[in-house]
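Form predicted on its own, single chain, as structure tokens, below.
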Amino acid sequence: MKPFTYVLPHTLAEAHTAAKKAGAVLKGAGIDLVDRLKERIEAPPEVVNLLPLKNDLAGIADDGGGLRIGALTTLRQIAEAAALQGPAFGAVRIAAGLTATPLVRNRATLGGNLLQLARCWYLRSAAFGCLHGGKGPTCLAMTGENRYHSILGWHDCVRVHPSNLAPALLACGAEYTTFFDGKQERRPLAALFPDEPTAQKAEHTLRDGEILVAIHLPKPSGDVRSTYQETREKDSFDWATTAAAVQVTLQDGTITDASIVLGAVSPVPRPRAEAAKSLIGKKPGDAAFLKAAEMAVAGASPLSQNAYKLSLCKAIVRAALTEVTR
């Protein structure tokens, strides 16, 4: 690990100024950053620690009937928050509670979970030069070991987005606020991820020095329910092989609104708008859920070792829809 300057800012403006310097990186809990340093895929000249700004960047508060969750709020705090115990935000609570281990959840933050680097073994090893890492001419996983990689929406890189919380937050209609050049700006959460996730693009769309401040969840209207499910090889401390977050609104036993977002199958969390639209006006049931599950993986292009994700993905979409409409 090469020496670096360690910055402890007193304000968001100080953090922003320091983070705009060439090669500087922002640190929340530091779980992903430390991994990247150990794996020798990054050697930043400056690390800007955001933890001194917890008063500005942590906590869960009312937001006009919805909720504001600070970027430095820990996953444990999200999983156990009383404000998230209702059915409308179940997907967010469950996704946070499933992530990693209790030790990690006590430390890891919302912002870190959303902005972490993809978990591709070629990208995260200094022994390989891959296209997404900027050190090689091609995506090595396309023709190499790819059992955990993308089946949907990939172009020239088949990495998968590793965030558990991103699909849940997207399904719940979240927005996000950032700080840049002295101003705060609020956008739909979908804008945090590139529309076309090519190898040259990062996992997120933040500009150099732009700081994620908070996530906003809208006020539920009517009988809104959400849940999150994932598959993985181990019960604990493992990355999802597939994930699905769903939200539905019910009125008189009929689905009047719905969203379905897939995780761990694409370079970005993948909303499946047409699959969700197929549920509107339908009574909850196996036939409607099976059709939505099939539509959720429409257009998939599995690789040589990961076609199993198709059946897993369809199964968890059906399971999540069944659970949320009980």
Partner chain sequence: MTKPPPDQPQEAFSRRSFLKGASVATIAGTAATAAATAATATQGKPETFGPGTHEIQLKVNGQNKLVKVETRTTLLDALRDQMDLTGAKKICDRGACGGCTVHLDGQPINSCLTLAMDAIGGEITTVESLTEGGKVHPLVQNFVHCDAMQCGFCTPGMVMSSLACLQQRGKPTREQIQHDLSGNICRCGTYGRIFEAVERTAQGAQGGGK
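Positions refer to the first chain, counted from 1. All of these numbers come straight from a predicted model, not from anything done at the bench.
Beyond the structure shown, there is the form predicted in complex with its partner chain, which is absent from this document and is the topic of what follows.
- If you check its partner chain in the model of the complex, you find a heavy atom from every one of M1, R105 and F237 within 4.5 Å.
- Although the partner is absent here, R76 lies within 4.5 Å of its partner chain in the model of the complex, judged by heavy atoms.
- By the criterion of a heavy atom within 4.5 Å, V7 is counted among the residues contacting its partner chain in the model of the complex.
- For the chain shown alone, K27 is a contact residue for its partner chain in the model of the complex, at least one non-hydrogen atom being within 4.5 angstroms.
- Although the partner is absent here, G285 is not a contact residue: none of its heavy atoms lies within 4.5 angstroms of its partner chain in the model of the complex.
- Exactly one of the stretches 35-43, 285-293, 261-269, 63-71 approaches its partner chain in the model of the complex with heavy atoms within 4.5 Å, and it is 35-43.
- Scanning A273, L51, I280, A298 against its partner chain in the model of the complex with a 4.5 Å heavy atom cut-off leaves one residue, L51.
- Residue in contact with its partner chain in the model of the complex (any heavy atom within 4.5 Å), chosen from T138, Q85, T101, S221: T101.
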